[in-house]
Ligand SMILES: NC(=O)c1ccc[n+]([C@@H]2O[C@H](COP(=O)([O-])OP(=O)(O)OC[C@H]3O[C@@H](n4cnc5c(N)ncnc54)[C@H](OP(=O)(O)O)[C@@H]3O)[C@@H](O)[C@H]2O)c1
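Below, in structure tokens: the form predicted on its own, a single chain.
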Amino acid sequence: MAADPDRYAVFGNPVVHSKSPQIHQWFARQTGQDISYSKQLVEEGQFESAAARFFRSGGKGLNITMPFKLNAFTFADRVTPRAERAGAVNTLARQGDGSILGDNTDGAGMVADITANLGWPLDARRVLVLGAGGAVRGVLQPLLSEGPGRLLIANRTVAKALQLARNFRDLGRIQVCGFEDLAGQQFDLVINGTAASLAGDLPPLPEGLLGDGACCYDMMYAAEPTVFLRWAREQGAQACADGLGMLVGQAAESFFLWRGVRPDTAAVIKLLRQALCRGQVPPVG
């Protein structure tokens, strides 16, 4: 009698639009792994009990989406160094001894998308990051590990960006400023880490911000180019990309943590992009 497949899931609220089940099932087919993956709506205040039940019943791993990444951080028995840096956990994995390991794969997923899928170098480049919230905090360690020549965080509230710089200063120099201080500066890569573009809003960015051959990356994604990416095109960016590859990349990092196999993200990004443009995510089978 065949054994039941290993069980995984994504917890969130809301979670109905999560693409994680399709992504991980595509990964499983591609790598020959026998898993099942579901999504579960978790009510506020119920994360710890729901996660405990999942693992008690034999579940192997969880992806965590908003608003539970801080809950997952405290739920884990121990966390990886990158999760410690991020102050949040998006992946939980049951270990051989029954303990729960917490990881944060967001930054690694973004850097892999930028360097491997898009082929944009980060070393010695002038990098501007817009925003200083949790999304940015989660990607700073992987970004710094690539050795950018300059890393500047611009945020409406400079004090919040300063706190981030202090928290990561042992990994490399981070400069900070307000949006109004960007005038006259140029960058090779601009990363939008604010969620404003999904609401059709754009930080107050000056003309001439992009250097020759500059690229722009939005950590958010949508079926149509975000307002930030439209601005980037108008400013003459050489290349632009949204965060769909980051979504798949962070999922691949989770899959590798769980299964010890690294899937091909490019093929899954292509499938997901086609589905997104059609306004749907197709079933795997």
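One rule holds for the numbers: they count along the sequence shown, beginning at 1. Fair warning: this is a prediction, and the values are worked out from it, not measured in the lab.
One more form of this protein should be noted, the form predicted together with this ligand, which is absent from this view; the next part is about it.
Since the chain is shown here on its own, which stretch among 36-44, 50-58, 232-240, 217-225 would lie within 4.5 Å of this ligand in the predicted bound form, judged by heavy atoms?
That would be 217-225.
Looking at this ligand in the predicted bound form, do all three of Arg78, Gly102 and Trp258 come within 4.5 Å of it through at least one heavy atom?
No: none of Arg78, Gly102 and Trp258 comes within 4.5 Å of this ligand in the predicted bound form.
4.5 Å heavy atom contact, Asp201 to this ligand in the predicted bound form
Flag for Asp201 set to yes.
Quick one: is Thr194 in contact with this ligand in the predicted bound form, heavy atoms, 4.5 Å cut-off?
Thr194: yes, in contact with this ligand in the predicted bound form.
With heavy atoms only and a cut-off of 4.5 Å, decide whether Thr74 touches this ligand in the predicted bound form.
So Thr74 does not count as contacting this ligand.
Partner proximity in the predicted bound form: Pro148 to this ligand, non-hydrogen atom cutoff 4.5 Å
No, no contact at 4.5 Å.
Heavy atom within 4.5 Å of this ligand in the predicted bound form: which of Gly134, Pro206, Gly211, Gly178 fits that? Just give me the one.
Answer to the contact question: Gly134.
With this ligand taken in the predicted bound form, which residues across 143-158 come within 4.5 angstroms through any non-hydrogen atom?
Contacting residues: Asn155, Arg156, Thr157.
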